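Next up: a single chain in structure tokens, the form predicted alone.
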């Protein structure tokens, strides 16, 4: 029987010009890490594709892992044959049957990357289509077939497949630097973090817990969310900062209507201190413009005034339903809707400021020992590490855990 392989296609990487080789190599390394023990023969680059030989019994798991890796446009389970006409016809028949046993119509879409192959794409379509129709009795439908069988003639081999899984696209993790993601147990920030991972960045999460003023449930939920994001190879580490006592201190010393903004400014400063240690280039939050009182343009500006790094907000223009839909797609929604205590709801004022000025928040935190509060937060850090081939951790701290 024919050899089987997962054929990996990418799109955006192909547009990178002279830098393309670096992106391809990074994607190859990320895929090697993702497939792990499922492959013992490695991954080969073949004419703007990556080919991963696979045993049929491992094919489903291989497709699932490969199709979750940023940079992958699609992953297909292919039959690998020579250019022999009889082999190509048999592979096409097998691919169509494998794709959908209830199908009534099919189409063949052939493409030659090897120009030395004498038979043109249209001729391949007609020949293979006739063979499949004669063997299966299926009707041809070129506009909307139940099964589309693709045939790629590449160098000395032919890859034939009808089972195809869409990937996330984007860029390989490790090609866009490192970011610090302010990661809560809610719906928004995991989606924002995923979007930045998909753009090729390594994400280091920072979770601000209400402990000891609350229980540690939000920490456990956030760790589960981080584990889901880690399946992409883009989540490297999750720091947990017990933040409840610092919030209580702010609530006792600062104007009530500014509490939330002062919480956020302190979070920004703590995240930047971690970013300095991690050598990260930006912060990421899950804020969406106007979604809650603290996310007006004025309040965002007042919080950002405490930052020296860029603060990225991938969800700024999205409404809640769009964010929920994406959370469902990436697998974090059910985790994010578990009951937990959000630290931002601690000591919540009755009437939070919605249009703060920078001078107001600076005056509001004038009675706070901000430097000491940042130091206290850093002294209480704990963290969990996840598998990320592109991550280089800073000098180890105590109380670490590795998954």
Ligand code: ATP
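Residue numbers count along the first chain shown, from 1. None of the values given here were measured: they were computed from a predicted structure.
The protein also exists as the form predicted together with the ligand; that form is not presented, and the subsequent description refers to it.
Visitor: Even though the ligand is not shown here, does residue 294 get within 4.5 Å of it in the predicted complex, heavy atoms only?
Guide: The answer is yes: residue 294 has a heavy atom within 4.5 Å of the ligand.
Visitor: Would residue 299 count as touching the ligand in the predicted complex under a 4.5 Å heavy atom rule?
Guide: Taking the distances in the predicted complex, the answer for residue 299 is no, it never comes within 4.5 Å of the ligand.
Visitor: Would residue 248 count as touching the ligand in the predicted complex under a 4.5 Å heavy atom rule?
Guide: Flag for residue 248 set to no.
Visitor: Quick check on residue 184: any heavy atom within 4.5 Å of the ligand in the predicted complex?
Guide: Answer yes; at least one heavy atom of residue 184 falls within 4.5 Å of the ligand in the predicted complex.
Visitor: With the ligand left out of view, which of 106, 194, 79, 208 would have a heavy atom within 4.5 Å of it in the predicted complex?
Guide: It is 208 that has a heavy atom within 4.5 Å of the partner.
Visitor: Of the options 269, 127, 320, 117, which one has a non-hydrogen atom that comes within 4.5 Å of the ligand in the predicted complex?
Guide: None of the others qualify; the residue that does is 320.
Visitor: Choose from 186-194, 273-281, 327-335, 127-135 the stretch whose residues reach within 4.5 Å of the ligand in the predicted complex, heavy atoms counted.
Guide: That would be 186-194.
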